[in-house]
Each structure stands twice: as C-alpha cells, then as structure tokens.
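Here's a solo chain for you in structure tokens, the form predicted alone.
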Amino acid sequence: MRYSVALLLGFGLMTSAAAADPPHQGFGRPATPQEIAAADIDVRADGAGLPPGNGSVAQGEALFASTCAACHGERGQKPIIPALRLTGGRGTLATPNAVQTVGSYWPYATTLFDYIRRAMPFPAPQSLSPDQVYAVTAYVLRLNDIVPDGTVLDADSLPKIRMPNRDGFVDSYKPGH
C-alpha cells in the first residue's frame, strides 16, 4: 500500500512538473518572424501560398534533364526505382496493377508544385527558385498531357489546372464535426 501511494505521489509530481514551462537549457532562441516566414512554404490545393514567379514547359524541360532525369528517367517513365515514376498509369487505378503517377493519381497541380518545392531535387531539396519550380511543374504536367507545349505557369494559372483524377478523391472534412 505504501509503495503504491509513493508511486502515485511521484507520478503526480512528474506530471505537474511536465505541465509547467520547461526550464531554459542554455541553448537555442525563439525563431524570428523572418525565420518562420522562410520556413512557411506550404501551398494549399486552392493555390494559397504560391509564390510570385513563373516558368514554362521549355524551361522545365531543360531543368528536368539536368536536375531530375537521373532519378525519374529522361521523360519520367523509367526511373531508377518504380516508385519514382511520374508519367503514365492513366486508367489503371481501378485495376489490380494500379500505377500512381502525377497524371493518373494526383488530384491537384498545386500539390505537385508544393512537393517539388519542398523535397526536390533529391540531393538538394529546396534549392530551386520559384521560377524553376514553376518550370519543372509545367514540364511534368506536359509529360502527362495535362498542359500543352508553350504553357507558362504562375500563381494565377496553376490552381486552375484540372487534374485527370481530381474527382477521384472524396473530401471527408466536414467543418464543425
């Protein structure tokens, strides 16, 4: 009995200490508003968060060849591993051999921009300028026959692109529930 009371008292002291502000450990500092803004690079499906800039299919083709093709293949179809495939797969999602690519699966073009901006290129994520990200996005969309040659993307045009699988997702979010 005494053991369980001591255990409960000890647990109570630990949880109350954990609820208080942690002690300063002598390192680090609060992030500045500028540092927070630099890290706040997410782009929503509706295009909120897209930066100024633009890029064309032609610019993206050259950049893809020098920056992306080593992992994704020359035209996004023959990557070093199948999970990196960017093109093809249309009409396969309802089959046992579904191929999830930008053109067959992704519901929003803005998601492609967001992913490229955050995570690509593999050896140096976040090293591309907004113009370069728009260009690579335009080229990948062109490889998937979603935009024509000559397309120039920017914060106004990108959210207006209707992806082939846009209606393949169900929005289960219900505000207030």
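Just count from 1 along the sequence shown to find any residue number. Predicted model, so just to flag it, every value in this text is computed and none were measured.
Form predicted together with a small molecule: not shown, discussed below.
- Within 4.5 Å of the small molecule in the predicted complex, a heavy atom is found for all three of 67, 71 and 121.
- Though the partner is left out of this view, residue 112 does reach within 4.5 Å of the small molecule in the predicted complex, counting heavy atoms only.
- At least one heavy atom of residue 136 is located within 4.5 Å of the small molecule in the predicted complex.
- For residue 58, no non-hydrogen atom is located within 4.5 Å of the small molecule in the predicted complex, even though that partner is not displayed.
- When the small molecule is considered in the predicted complex, residue 84 lines it closely, a heavy atom lying within 4.5 Å.
- This chain is displayed without the small molecule, yet in the predicted complex the stretch 128 to 136 from 128 to 136, 48 to 56, 148 to 156, 26 to 34 comes within 4.5 Å of it by heavy atoms.
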